[in-house]
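Only one chain is shown below, in structure tokens, and it's the form predicted alone.
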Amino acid sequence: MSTALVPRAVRLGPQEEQLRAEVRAFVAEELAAGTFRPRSDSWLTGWDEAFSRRLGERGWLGMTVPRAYGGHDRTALERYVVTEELLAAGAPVAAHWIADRQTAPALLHFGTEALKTRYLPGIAAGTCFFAIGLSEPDAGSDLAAVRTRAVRAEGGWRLTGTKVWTSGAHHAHAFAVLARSSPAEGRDRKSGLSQFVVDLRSPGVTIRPIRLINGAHHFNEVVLDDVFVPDEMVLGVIGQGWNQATSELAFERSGPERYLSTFPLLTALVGALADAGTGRAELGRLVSRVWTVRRLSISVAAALDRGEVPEVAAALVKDLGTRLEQEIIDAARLLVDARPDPGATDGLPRLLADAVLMSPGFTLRGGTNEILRGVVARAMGMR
């Protein structure tokens, strides 16, 4: 494949491996203390604010944020190592996930000084949490179908509209909203869009749960009814919201969460088959694919660190990784005699139940895989 589509490969050095050992020791201490039980898809479902604060105290949140804003001036690869180890362990990282992964880089690139000083120190400390306000009712994966309106007012803007599938909005402090601030120019629906940071406790904000089939509450519908947003809460340039929002998607689509959601299940599966001596060929295929996607994901992290925007490679990570996550579930159901049990406290039946419940969303969230294949096809000149 062309190197124009895939960033150059990189290797992690002694500094990253030392950090990895520190994170593994921390995870072992937490498991021994019983502070969490490994879960599949923990970056969406494992909301634990105390755990996030302990990560913040160790300097493992806001790692790439400058010290001037409460961060730690570390590299994207160092952050990658921390997130990789936490996900592989099935640790509860949902509380800080959006803020650390996506909001902090967006604030650094596009935020006003007021936004940076207000939110970045809390994000790095693990005390300030964010959600994402992109998806809307009846729009599917079509981000340009935004109907939320932003109308100019004295000293700011007034927002009206509805966002859906906003993970963690019922706990989070704020979310970044994509809204239409002026009519589209002709047939260019991507024009006239802007981004705003909205305090989720503002007057006019209503948050309603969208529950899963088992009653679990991770997703929300957020209704904005003439919500006032002051000028200093505008994210970036008015009218440039589309370019800003899509430039952030490389962070969202390329990280280790796109292939490690079911890694705790794979680990349990390897343990269950260790004595039986069966399933080795299938396990070998799965592990080799995990390793391959991981190499691509690390190369994207390094490219982001260089200031590049590898959106095509990020789309590949998301497509290949999320399909692999689902195939790990299929392998577990074929290779071991274990039924998914959402009532189990831990072990393979519980990991399998969590994975089966959440798996329909793997290829949808962050942009459907069909849309992402279109991104790759266009880059290859096939569309």
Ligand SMILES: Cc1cc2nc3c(=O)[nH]c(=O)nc-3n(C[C@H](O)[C@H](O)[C@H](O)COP(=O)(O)OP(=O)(O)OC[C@H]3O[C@@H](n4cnc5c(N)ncnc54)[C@H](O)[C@@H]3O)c2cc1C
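All residue numbers are counted from 1 along the displayed sequence. Remember, predicted model here, so these are calculated numbers, not experimental data.
Form predicted in complex with the named molecule: not shown, discussed below.
- For the candidate set 148, 194, 166, 297, a heavy atom within 4.5 Å of the named molecule in the model of the complex is found for exactly one residue, namely 166.
- Proximity to the named molecule in the model of the complex, defined as a heavy atom within 4.5 Å, holds among 224, 87, 115, 132 only for 132.
- Per the 4.5 Å heavy atom criterion, the named molecule in the model of the complex is contacted by stretch 134-142, the sole one of 201-209, 282-290, 134-142, 233-241.
- In the model of the complex, the named molecule sits within 4.5 Å of a heavy atom belonging to residue 219.
- In the model of the complex, the named molecule sits beyond 4.5 Å of every heavy atom of residue 17.
- The named molecule in the model of the complex is approached by residue 44, whose closest heavy atom lies within 4.5 angstroms of it.
- Heavy atoms of residue 12 never reach within 4.5 Å of the named molecule in the model of the complex, leaving it off the interface.
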